[in-house]
Ligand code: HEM
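To begin, one chain is listed below as structure tokens, in the form predicted on its own.
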Amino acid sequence: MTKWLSWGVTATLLIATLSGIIISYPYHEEHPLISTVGIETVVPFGDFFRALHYFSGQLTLLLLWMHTVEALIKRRAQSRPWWSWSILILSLPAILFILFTGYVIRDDETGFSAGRIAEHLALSIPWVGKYMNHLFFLVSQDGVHRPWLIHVYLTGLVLGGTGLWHFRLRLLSLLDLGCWATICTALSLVWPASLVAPQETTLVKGPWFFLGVQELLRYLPPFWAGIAYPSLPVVCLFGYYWRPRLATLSLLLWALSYGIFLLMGACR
């Protein structure tokens, strides 16, 4: 099970990277929405490769979550070096940020709103918020330029840091890659990648994994709802290496609460 999940993460991330390279050629960050619509309607097989990029990225996140949960259940943290456990934990927010910037750079109704919300959340960080916004977002002044660069370079960094580690252990077989490529291809042929046209509504839902934060922003200040609260599981996962029981209880409580907020946001 462990090898199946870890290699699934590597294979789907590799598929997402290769399909992302293909659709990056007709994409222009100066006109993100026009480029995205053009990929869907004008570029030959553009809709398929965009869907392949979308679903392989979603599967990467889901499989990485499952891989982490399995490591917690089987208590693999104590059997790993601290730096190996740290790489696994840091890859979670990295993949989430890659997916989030992927929504932002398409600049549709969801991406546009997600970018503005992320910019305000970054500015809510005490002392360094302005610099964090200039480093990662600044979408209100510079468009999707920074999220686009983050999306590209962070993908390469994650693939190089985690994928090559698995390649070092065992060369990724064609059977592994072919199995996950078949799953991603089937999803891409059945369902189109999401793209939300501008709507005359006051409620715009963000990415599915962001709905809990979006709902929590109704009740708490931006820093606590969008920065502190989403950072808790990462802190708990690091703490699991030294205090597994306390970290496990904290993670369960966080997952339960976030699941409630996510459902509330999805049902609006």
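Each residue number is its position in the shown sequence, starting from 1. Every value quoted in this text rests on a predicted model; they were computed, and no experiment measured them.
Quick note: we don't show the form predicted in complex with this ligand, though the next part is all about it.
None of 99-107, 176-184, 75-83, 127-135 except one has non-hydrogen atoms within 4.5 angstroms of this ligand in the predicted complex; the exception is 99-107. Mapping the unseen interface onto this chain, Ser24 counts among the residues with a heavy atom inside 4.5 Å of this ligand in the predicted complex. Put simply, Ala16 is close to this ligand in the predicted complex: some heavy atom of it is within 4.5 Å. Although the partner is absent from this view, Arg146 stays clear of this ligand in the predicted complex, with no non-hydrogen atom inside 4.5 angstroms. For Ala118, no non-hydrogen atom is located within 4.5 Å of this ligand in the predicted complex, even though that partner is not displayed. Between this ligand and the residues Val139, Ala71, Val152, Ala122, the one pair within 4.5 Å by heavy atoms in the predicted complex involves Val152. Residues of 41-61 that come within 4.5 Å of this ligand in the predicted complex, judged by any heavy atom, are Arg50, His53, Tyr54, Gly57, Gln58, Thr60 in sequence order.
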